[in-house]
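Here's a solo chain for you in structure tokens, the form predicted alone.
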Amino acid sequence: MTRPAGASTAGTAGVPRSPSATGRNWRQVIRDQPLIPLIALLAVLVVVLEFASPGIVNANWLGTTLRSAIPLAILAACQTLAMLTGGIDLSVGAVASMAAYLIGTLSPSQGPLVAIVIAVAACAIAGLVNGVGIGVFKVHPLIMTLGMSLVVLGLMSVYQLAMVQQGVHIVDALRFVGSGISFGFLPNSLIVFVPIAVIIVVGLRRTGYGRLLFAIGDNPIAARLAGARVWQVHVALYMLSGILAAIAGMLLSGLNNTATVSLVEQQVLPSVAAAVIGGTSIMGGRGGYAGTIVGALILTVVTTLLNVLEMPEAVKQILFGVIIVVVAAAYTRVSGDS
């Protein structure tokens, strides 16, 4: 017997969807399209900020927010790439600070270009040591990068004593790129950030190396059996992380118009939080950089909101820690449920 046209639709139009089905749909959206809830959350936070301080959301605020979020997003790129393999990079704060301080102290005598080359090379060497320790000697990434952070901080403290009479000079170009805003709302640091973001986003999805990061994070043994040279992937990964940290340190020194051996230390926890909020799994094998960028924007808006509410720095650190734990647990539950 032939069913009349529209009978199926009419028969089910009034049937409510079960709560479990709705929950599964939400979990699927969060798992497969994390940018949708992230952008919605960012919009809600902007609205809350406007209610907390009417008139604060304008073109100048937009430019200032983007300018502050860009160095954090670059540091969070280090965490995203490392976390895709099941690792983490806790040395980014010390390495980024080293780059800023080396440029600030070497540029008066060596010139800006030589100082930048030396700083980037030093950061790449720190990343190389991390990669060899993790990829060749199988040291856990958390232990290796934490140890490297302490080593770099110690070395820079000794260097600081040796350069105690040498003033710190912030290169004009770094001030222009790090703190400048054009057309009232476009930070000059976008000149640096946009190419980096495009390369990472496209590279993760369209290149063999990007696919290797996901494969190693998902199942390192299977990746090794398939012929992937895991140790080489780790070495290249942490060298890239060191270079990205150097770029973030340069931008922060230009933004803050200063350079110290601990300039970027407080950005380590937020960089991890931005990657986790963006949907990158701390267990490896899942995530992406587009979500991390939105995560950095979310944290920047949250920081602005806390400043408007006159919350102390300790509250910010507590909040970022709570965010990491809660969001990681939520993503784990979403990805684990069918």
Partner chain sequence: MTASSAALGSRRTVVTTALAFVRRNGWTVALVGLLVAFLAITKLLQPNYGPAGIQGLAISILPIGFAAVAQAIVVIAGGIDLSVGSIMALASVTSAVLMLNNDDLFGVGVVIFVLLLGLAVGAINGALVVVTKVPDIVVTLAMSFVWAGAALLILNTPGGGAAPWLMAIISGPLGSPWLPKALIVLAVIVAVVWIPLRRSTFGLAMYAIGSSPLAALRSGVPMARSKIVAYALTGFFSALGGLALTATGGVGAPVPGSYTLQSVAAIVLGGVSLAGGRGGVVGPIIAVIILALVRTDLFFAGVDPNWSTAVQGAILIGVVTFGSLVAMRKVRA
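Predicted, not measured: the structure shown is a model, and the values here were computed from it. Positions refer to the first chain, counted from 1. In this text, the rigid core denotes the largest set of C-alpha atoms whose superposition between the two forms falls within 1.5 Å.
There is another form of the same protein, the form predicted together with its partner chain; it is not shown, and what comes next is about it.
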{"query": "Heavy atom within 4.5 Å of its partner chain in the predicted bound form - the one residue of Ala259, Leu213, Met148, Leu174 that qualifies", "finding": "Met148"}
{"query": "Three-residue site Leu161, Ala314 and Thr332 fully in contact with its partner chain in the predicted bound form at 4.5 Å by heavy atom", "finding": "yes"}
{"query": "Heavy atom contact within 4.5 Å of its partner chain in the predicted bound form, the stretch among 229 to 237, 98 to 106, 74 to 82, 150 to 158", "finding": "150 to 158"}
{"query": "Distance check, Ala296 to its partner chain in the predicted bound form, heavy atom within 4.5 Å", "finding": "no"}
{"query": "Touches its partner chain in the predicted bound form: Ala119 (any heavy atom, 4.5 Å)", "finding": "no"}
{"query": "Distance check, Phe137 to its partner chain in the predicted bound form, heavy atom within 4.5 Å", "finding": "yes"}
{"query": "Contact of Ala69 with its partner chain in the predicted bound form (heavy atom, 4.5 Å)", "finding": "no"}
{"query": "Contact set, 310 to 328 vs its partner chain in the predicted bound form - heavy atom within 4.5 angstroms", "finding": "Glu313, Ala314, Val315, Gln317, Ile318, Phe320, Gly321, Val322, Ile324, Val325, Ala328"}
{"query": "Threshold 2 Å Cα movement between this form and the one not shown for Ile56, core superposed", "finding": "no"}
{"query": "Core-aligned C-alpha movement of Met311 between this form and the one not shown reaching 2 Å", "finding": "yes"}
